[in-house]
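Form predicted alone, single chain, as structure tokens, below.
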Amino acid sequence: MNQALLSKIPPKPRRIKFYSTIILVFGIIISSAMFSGFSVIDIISNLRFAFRLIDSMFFPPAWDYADNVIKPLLQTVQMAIVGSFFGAVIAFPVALIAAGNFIKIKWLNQITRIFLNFFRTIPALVLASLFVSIFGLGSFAGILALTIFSFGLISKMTYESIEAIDYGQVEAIISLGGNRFNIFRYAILPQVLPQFISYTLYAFEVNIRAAAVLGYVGAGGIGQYYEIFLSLRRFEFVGIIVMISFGAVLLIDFISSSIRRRLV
């Protein structure tokens, strides 16, 4: 009896596919590192220069310059706020058009998604460079760059959330004779709005970091100070900017993450 049962147990599957996948993944990683010029030896051999740079940046901190960092840092935060807000305002209606379960016109959905993909492929730094050449130096160019960057990010995540809603509510409203506005008001908006706000807050977190770099191309904010002091090799000033920016980003991330956890 036991022999009959044992004969029916399927053989243990071979691990060839598993090991082949691991070898393939490691092969891709190693070959990519070789072609991109990554070298562990170079990292180890230059560690002393890295420690010397860290020492000049943070030991001791240039606290006497801290007051000069607050104003450009606040400008960076303000740029992120405005860019995230306007990006979200534009993103929501475009996301509705891209969602195939709300606007059931396939060619319009596809064109809108291609349009969104186009904007998401352009980095914020490139957008800032283009707007600086059009509108001149200053934070306005940075705000426009962050607006478009936020628009591409929020709209994609929002239309994916719209397509993932519970469609039973939509069918219930249709069965009661509801029109498209009723579907949007009572089925889509209540389900998507918390996620949409969460995506906007996430874009704001990302924009804080992005805005800190836009000053390299003259788009305002704290990035201009990074560019100036790095070119002058005043690393002690760079260090205090990094420390204060790090504290501000931690605080903003904590507040934003707390809000997003309550929403979703």
Partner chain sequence: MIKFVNVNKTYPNGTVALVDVNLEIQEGEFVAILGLSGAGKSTMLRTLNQIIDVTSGNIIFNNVDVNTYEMYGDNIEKEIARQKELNPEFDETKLNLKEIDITKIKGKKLRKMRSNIGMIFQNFNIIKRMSVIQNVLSGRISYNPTWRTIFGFFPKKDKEIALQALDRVDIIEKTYHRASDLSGGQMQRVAIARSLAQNAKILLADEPVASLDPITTFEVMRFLKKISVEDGITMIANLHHVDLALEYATRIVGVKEGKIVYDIQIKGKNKKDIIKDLEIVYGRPISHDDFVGEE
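Residue numbers count along the first chain shown, from 1. Everything numeric here is computed off the predicted structure, so don't read it as measured data.
A second form of this protein, the form predicted in complex with the partner chain, is not displayed here; the remarks below concern that form.
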Fill in: Per-stretch contact check against the partner chain in the model of the complex, the hit in 138 to 146, 157 to 165, 109 to 117, 186 to 194 (non-hydrogen atom, 4.5 angstroms)
186 to 194
Discussion item. Only one of Asn101, Asn182, Gln75, Ser129 gets a heavy atom within 4.5 Å of the partner chain in the model of the complex. Which one?
Written reply: Asn182
Response to the item:
Of Ile81, Ile122, Val89, Ile174, the only residue with a heavy atom within 4.5 Å of the partner chain in the model of the complex is Ile174
